[in-house]
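Take a look at this single chain in structure tokens; it is the form predicted on its own.
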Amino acid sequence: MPSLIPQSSSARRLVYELIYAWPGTWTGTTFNVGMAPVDPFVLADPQLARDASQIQLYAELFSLAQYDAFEWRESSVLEVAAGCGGGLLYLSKRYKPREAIGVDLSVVAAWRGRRLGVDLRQAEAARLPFEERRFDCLVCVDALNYLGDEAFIREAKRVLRPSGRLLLAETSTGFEEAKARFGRLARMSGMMVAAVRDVSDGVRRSIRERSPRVEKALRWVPPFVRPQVREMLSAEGSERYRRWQHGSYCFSMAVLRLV
């Protein structure tokens, strides 16, 4: 599906530096389509509640991972395209893994994540700065469409331990398309698709419910780029908002396991 983020690495990085440096109310600890309704655990924590619907997307994905409490505590987790680390902050508070590290293309995001107390580093998904078989679990939320499938999956397989799990959450134009893509990624990496779920209803609700907040933030955006930002944020009145609410877009999650 078409992307509003530039595909070249340098241009994409510039866009994200501007996003995460922007002082507006919509640049929190993570940047995704969000999920509703929100778990009380998220709402009860002031650090998480600011980005409640965006954090909830992680909550749904982690619940799909099929780890029990002991497995989470013994796991080493890496998130690719981690934003400012809100998802890893939730993971650390809720499941307390042995190790949780994030990487993001943006220097500003990595800096903000470290200020939040998250181990967040600036790096590219196609060149992860870690040795082979380092992690038990790799997470990528609402960013796969901006990464090259082959380069990303090659690095994911390289840094995952045997029986490691890859947790993916991404937008597509339909659930069948999403399942086919997850299956293709699994075949490319020697993995199996352990679980897949369509969570589009919760995403559509999140986009509707956050609309007033986004509209308020858009007042601070310069008029000459406001239409593009409106589209990027799926704000009410945008073509992306219309397509989400009419079911033209689908949001799906999957768990892939090395075999």
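None of these values were measured; they are calculated from a predicted model. Residues carry their position along the shown sequence, with the first being 1.
Beyond the structure shown, there is the form predicted together with a small molecule, which is absent from this document and is the topic of what follows.
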Selected contact from Leu105, Ala178, Leu91, Leu185, since only one has a non-hydrogen atom within 4.5 angstroms of the small molecule in the predicted bound form
Leu105
Sole residue of Val141, Cys137, Ala156, Ala100 within 4.5 Å of the small molecule in the predicted bound form, by heavy atom:
Val141
In the predicted bound form, segment of 63-71, 30-38, 203-211, 190-198 with a heavy atom within 4.5 Å of the small molecule
30-38
Is Ala81 one of the residues lying within 4.5 Å of the small molecule in the predicted bound form, judged by heavy atom distances?
yes
Taking any heavy atom pair closer than or equal to 4.5 Å as contact, tell me whether Phe130 reaches the small molecule in the predicted bound form.
no
Tell me, yes or no, whether Glu124 is in contact with the small molecule in the predicted bound form, where a contact means a heavy atom of each within 4.5 Å.
yes
Please check if Trp111 has a heavy atom lying within 4.5 Å of any heavy atom of the small molecule in the predicted bound form.
no
